[in-house]
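Next up: just one chain, as structure tokens, the form predicted on its own.
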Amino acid sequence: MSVHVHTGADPARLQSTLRKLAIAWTGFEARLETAPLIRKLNRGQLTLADYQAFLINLRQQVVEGACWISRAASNISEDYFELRSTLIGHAATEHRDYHLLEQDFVAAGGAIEDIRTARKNVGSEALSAWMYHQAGRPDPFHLLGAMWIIEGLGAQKASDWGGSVLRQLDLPQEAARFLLYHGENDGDHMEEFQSMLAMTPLDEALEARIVRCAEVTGRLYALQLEEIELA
């Protein structure tokens, strides 16, 4: 994943952090490729039922994304009000994204009550618990590592996944708006991520926490996909 730093903070520490995050991303990406659903997608074997299951399971994480970002912002001290404000704005931008997933699901032939009433799978439960626990800690700057993974997924994978879904299943674009939207917009979010990183008191210890958070989040996100029951 390419990185471009635009900040007045210590460039050496920022570059070190971004390099280590890029390594964490590479490990996450490799893990994604082993998930049964992603293997079927990459091999051109995805079924409509598989895609509907993907949308159902993804909704659980998306509904809560803005919530844990808001919780993290509420636990950032006033000394870092600029970062807090940026996180609140980010949460506001994304807090209704799950509606796109619901609309995609209906456009792909699903019933709205099915996606709204589905329970979390094991991976989603673990990911949710991890995010909320970390967001509740004082000055949870390390959650930028989680954002690196999740926003990076949109920037690096969403467009390809969305296009592949439409081709394989012969669906209209209205059935993959969530993926296509994030593929188009999450590149800007990655730029925002780097700006937020520059707002933190970044040192060796925080760098290690951010990278570790990225690694754990990547593993749990992959588990969420691995636990999707396929047709």
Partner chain sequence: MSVLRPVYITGTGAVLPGDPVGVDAMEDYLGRVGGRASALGRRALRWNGIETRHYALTPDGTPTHTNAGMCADAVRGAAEAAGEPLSRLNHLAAATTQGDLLVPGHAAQVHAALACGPLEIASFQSVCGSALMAAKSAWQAVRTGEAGTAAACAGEHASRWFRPHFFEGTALIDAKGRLAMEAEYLRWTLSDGAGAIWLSPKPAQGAVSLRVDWIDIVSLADRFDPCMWAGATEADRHDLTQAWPFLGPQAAFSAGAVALQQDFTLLKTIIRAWIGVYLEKVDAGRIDPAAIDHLLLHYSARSLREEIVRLLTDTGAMIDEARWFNPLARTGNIGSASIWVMLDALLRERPPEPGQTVLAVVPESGRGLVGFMHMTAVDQNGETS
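Numbering follows the first chain given and starts at 1. As the structure is a computational prediction, the values presented were derived from the model and not from experiment.
Not on display, but discussed next: the form predicted in complex with its partner chain.
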message: Within 4.5 Å, heavy atoms only, which of Met190, Ile56, Leu37, Val63 is in contact with its partner chain in the model of the complex?
response: Met190
- prompt: Of 66-74, 26-34, 174-182, 48-56, which is the one stretch near its partner chain in the model of the complex, taking non-hydrogen atoms within 4.5 angstroms as near?
  reply: 26-34
query: Looking at its partner chain in the model of the complex, do all three of Arg19, Arg43 and Gln156 come within 4.5 Å of it through at least one heavy atom?
result: yes
query: Can any non-hydrogen atom of Gln194 be found within 4.5 angstroms of its partner chain in the model of the complex?
result: yes
- prompt: Is there a heavy atom of Asp160 no more than 4.5 Å from a heavy atom of its partner chain in the model of the complex?
  reply: yes
